[in-house]
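Okay, so we've got a single protein chain in two different forms coming up as structure tokens, structure 1 first and structure 2 after it.
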Structure 1
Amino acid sequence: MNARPTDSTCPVARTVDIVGDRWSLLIIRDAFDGVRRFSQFQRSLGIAKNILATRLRHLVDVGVLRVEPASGGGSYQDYVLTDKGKDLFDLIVSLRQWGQDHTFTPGEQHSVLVDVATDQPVPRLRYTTPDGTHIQAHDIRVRKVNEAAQPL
């Protein structure tokens, strides 16, 4: 978790510098699943207290989580996703869907992300052009910072 981005012009590198380690991604996943308290994260993840404390502090410092007084009162505090943290939803869903496709054997059981209203599995994330055309990796390229935009 560097203080300075690996590649200051690459959004992927900057994102990985913030949330790219295993524990941070799993903390964010659990926060989307409603986990809020230190003890709940620790129980869910089986993570050492010192590592969890470091990751939670980092995610608060970078604005992905915020600390609030416990919802039920008491001396505990809750860790809650900020708007910035909630914007990681597509990333977590993409990781989940990739994992479903590539890390389980056919027929092997796994958790499934479902719509609350219908209890149906969430459709596969797909990125499209404004006219609805599905975008694939071979359809795009990265325009580097020093590269001029190509005329249409």
Structure 2
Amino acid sequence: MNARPTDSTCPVARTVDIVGDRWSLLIIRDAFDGVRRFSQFQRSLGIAKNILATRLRHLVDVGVLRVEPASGGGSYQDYVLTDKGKDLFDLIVSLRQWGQDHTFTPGEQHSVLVDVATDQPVPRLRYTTPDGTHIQAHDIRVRKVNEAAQPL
């Protein structure tokens, strides 16, 4: 979708090449919120129909969305997240949490994540290792492919 495919060995760059544009990210957000139909996406996003069609086709092509026969019994199709698409959940959460922290004034209202069972707001989510350690920027660095791995 984007300009020059980065064909990089950096996973960040590859992800950005696939879903790193405004409309794709917002479509995926809506899909997580249960939006399935063409017209729903269009109203929610205020996007022109032609470019919505282009983006949906792209997201289907890359395996983030798939088309389903129909939900409301209509003669058309729904767009739903594949497993690959559902794995973008963490990405959407990251966008959401940063937005909550840095783009709203203290008293300003915004949508929130709630637990489906209790309907109570979800507390701040943090990235942790399997043993429960919270990982922050200064704990890690990136090792490029050409760097030697540390022997045990």
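All residue numbers here refer to structure 1's sequence, counted from 1. Think of the rigid core as the biggest set of C-alphas that the two forms share within 1.5 Å after superposition. Since this is a predicted model, take the numbers as computed values, not measurements.
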| property | result |
| --- | --- |
| Label of the structure corresponding to the form predicted alone | 1 |
| Core-superposed comparison between structure 1 and structure 2, Thr15 Cα displacement 2 Å or beyond | no |
| Core-aligned CA shift between structure 1 and structure 2 for Pro130 (Å) | 3.7 |
